[in-house]
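Read the single chain below, which is given as structure tokens and is the form predicted alone.
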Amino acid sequence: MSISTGKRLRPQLDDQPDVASATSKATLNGGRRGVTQRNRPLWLLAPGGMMMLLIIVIPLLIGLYIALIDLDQYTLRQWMATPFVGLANFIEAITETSLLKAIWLSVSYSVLSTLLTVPLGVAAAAATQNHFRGRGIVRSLFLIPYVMPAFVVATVWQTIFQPDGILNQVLNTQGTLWLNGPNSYWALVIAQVWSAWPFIYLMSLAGLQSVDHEVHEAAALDGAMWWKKLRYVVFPYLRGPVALACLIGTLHHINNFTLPFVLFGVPTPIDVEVLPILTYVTAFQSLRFGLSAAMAIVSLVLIMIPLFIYLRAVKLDTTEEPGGTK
């Protein structure tokens, strides 16, 4: 009796390690699966994070390091051993160069160009909103300045602004110098406005397309005339797209290097020596790479100011989670 009972119990005792092993494997696999599923969004963000690290963060850190060292044509070969000068390049850029004037020129011409493009773009969008014969052709023609490369735009306007060019012939101002002297500032503004207003037009047209047709019908039933309809019905829909277009356009104008570089050449007239041109001349003509990097850092800070103001204004940093902080 005892022998047979022991024979029946032995297989059960032999099976206990297998059951425990299977249980532990299942628990381990379940735990790994849970961890993997929980971290899956982070793994999906990893390629984008790596790209941002390689394209934005590392070059930015290198540029910041170069701005803190005395790097020029004499120390370029051993730039890792270049003396650390701290903020000396920033102080020199502000006190001994035309950086402040370049900032003023960049900001003033960018803001002025944006202000001039807004009424052109909004008016063109309002004119081409309703259907008419040939509307597609007109819309395509409006986009020509925007799709043309900046190099081509600058070359075309360089020809127009020549002393014996078509502009002086039309204005009957023979011999007026548009590419040198005080008029060069207005030449840059005119060329920038011509190439940039279609962007405001596109954003305004997108805002107009979002206006519900029933809103127009309700305004018409209430007896609203075209101006009141435009002011109280259409413009509120354009506020967001036009504000975003103004911000993007202004930042693009501040960073625009190709247009003044091709239009005026190097060295540029002192009235159009904007910040990108000054940074380029300092780096690749004066060969003061550290000083040029300091100017580039100042340019980055200058661009971040309106961007931060816009983000705070539209509150894009709010979270959608319940109880999220604004």
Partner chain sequence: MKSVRSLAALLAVAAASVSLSGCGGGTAPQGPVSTAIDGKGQTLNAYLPADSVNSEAQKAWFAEVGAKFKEETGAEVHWETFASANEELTKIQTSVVSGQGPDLYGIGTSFTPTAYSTGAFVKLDDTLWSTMGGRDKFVPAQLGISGPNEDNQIAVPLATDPFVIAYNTELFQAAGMDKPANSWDGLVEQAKKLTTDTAYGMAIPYKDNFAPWKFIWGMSAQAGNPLVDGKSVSLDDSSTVEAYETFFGWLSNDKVVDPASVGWNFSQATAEFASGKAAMLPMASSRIIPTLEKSAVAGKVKFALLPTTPPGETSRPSDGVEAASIIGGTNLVIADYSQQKHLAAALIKVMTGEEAQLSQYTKLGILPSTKAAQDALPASNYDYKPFLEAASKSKATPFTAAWSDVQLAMTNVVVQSLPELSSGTLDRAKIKQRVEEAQKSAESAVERIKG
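Remember, it's a predicted structure, so these values are computed and weren't measured experimentally. Numbering follows the first chain given and starts at 1.
What follows is about the form predicted together with its partner chain, which we do not show.
The stretch that touches its partner chain in the model of the complex, counting heavy atoms within 4.5 Å, is 79 to 87, out of 79 to 87, 147 to 155, 203 to 211, 130 to 138. No member of the trio T117, E217 and T258 reaches its partner chain in the model of the complex with any non-hydrogen atom inside 4.5 Å. This chain appears without its partner; in the model of the complex, the one residue of A245, A124, L99, L179 with a heavy atom within 4.5 Å of its partner chain is L179.
The partner is absent here; in the model of the complex, the one residue of I58, V301, M51, L42 having a heavy atom within 4.5 Å of its partner chain is I58. Within this chain, P47 is remote from the site of its partner chain in the model of the complex, having no heavy atom within 4.5 Å. In the model of the complex, its partner chain lies farther than 4.5 Å from every heavy atom of D222.
Heavy atoms of Y74 reach within 4.5 Å of its partner chain in the model of the complex, making it an interface residue.
Taking the partner from elsewhere, P269 is found to have a heavy atom lying within 4.5 Å of its partner chain in the model of the complex. Along 145 to 168, residues Q162, P163, D164 each place a heavy atom within 4.5 Å of its partner chain in the model of the complex.
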